[in-house]
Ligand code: 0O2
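Before any questions on how it binds or moves, here is one chain, the form predicted alone, in structure tokens.
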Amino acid sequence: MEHVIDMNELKNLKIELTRFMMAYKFAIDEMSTKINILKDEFNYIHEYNPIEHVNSRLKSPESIFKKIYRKGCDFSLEAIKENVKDIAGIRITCSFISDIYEISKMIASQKDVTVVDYKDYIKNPKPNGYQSLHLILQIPIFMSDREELTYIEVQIRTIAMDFWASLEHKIYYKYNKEVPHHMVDELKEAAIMASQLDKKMERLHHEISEIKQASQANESHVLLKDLQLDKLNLDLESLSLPIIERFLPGKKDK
């Protein structure tokens, strides 16, 4: 007996799949807005922008199904949602290591953001040398008839970490993941060098910040002394004015 395709069922499935993917697209939009607000606020208050670049990506249905197949999970939307938490992804590139933790703290403190998973590959790099901070977040997305709690992965790394990860990925792709052993060692060595560069730039950043703060404190001290001197001159002027007026022509002694 031939299986009869229910067109209404097929149409409903297509709608649900579309809405499922749209929720992740909206999650990216929502998080991008949050990040831009934090970046602008930080820049306005501290006159410094800790974020260099923000990139986003949405996994294709083909990539999602391949991951579900590898995990051995059911091919249902609910199973996909609970087992593939990186369908929506945002990558934030920062200037310095301290910026990474500052940005992650600001994101995690948002009222409607729940941190589901936290992996610090900076303090604990992967065996190949990879470094980055990974957050799996859950945020509410408000649809026309429902509220969807949607997962999104946020990766935060420095420029050096991003540069290394990008080149490492290209090399592995070129060699179809069969990279010669000596190149694996060199990649790990390059990761160590990138980490050392990050730490050196961090030290320079702190040193410059301390010099700037000391300079601002000195300027404030000079300004305070100038204000005190102006006040003293004003007080002396107020005190001497009646005495001067007393000896002006036309003034009579009382």
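Note that residue numbering begins at 1 and tracks the sequence as displayed. Just so you know, these numbers come straight off a predicted model, no measurement behind them.
Unshown form predicted in complex with this ligand; subsequent notes refer to it.
In plain terms, the part of the chain that comes close to this ligand in the predicted complex, with a heavy atom within 4.5 Å, is 150 to 158 out of 107 to 115, 150 to 158, 93 to 101, 137 to 145. Although the partner is absent here, Y175 sits far enough away that none of its heavy atoms falls within 4.5 Å of this ligand in the predicted complex. Within 4.5 Å of some heavy atom of this ligand in the predicted complex lies at least one heavy atom of R57.
At a distance threshold of 4.5 angstroms between non-hydrogen atoms, I80 is out of contact with this ligand in the predicted complex. Interface residue remark: R203 is not counted as part of the site for this ligand in the predicted complex, having no heavy atom within 4.5 Å.
The three marked residues, D86, K119 and E168, each reach this ligand in the predicted complex, with a heavy atom inside 4.5 Å. Taking this ligand as positioned in the predicted complex, the residues of 121 to 143 that bring a heavy atom within 4.5 Å of it are, in sequence order, Y121, K126, N128, Y130, H134.
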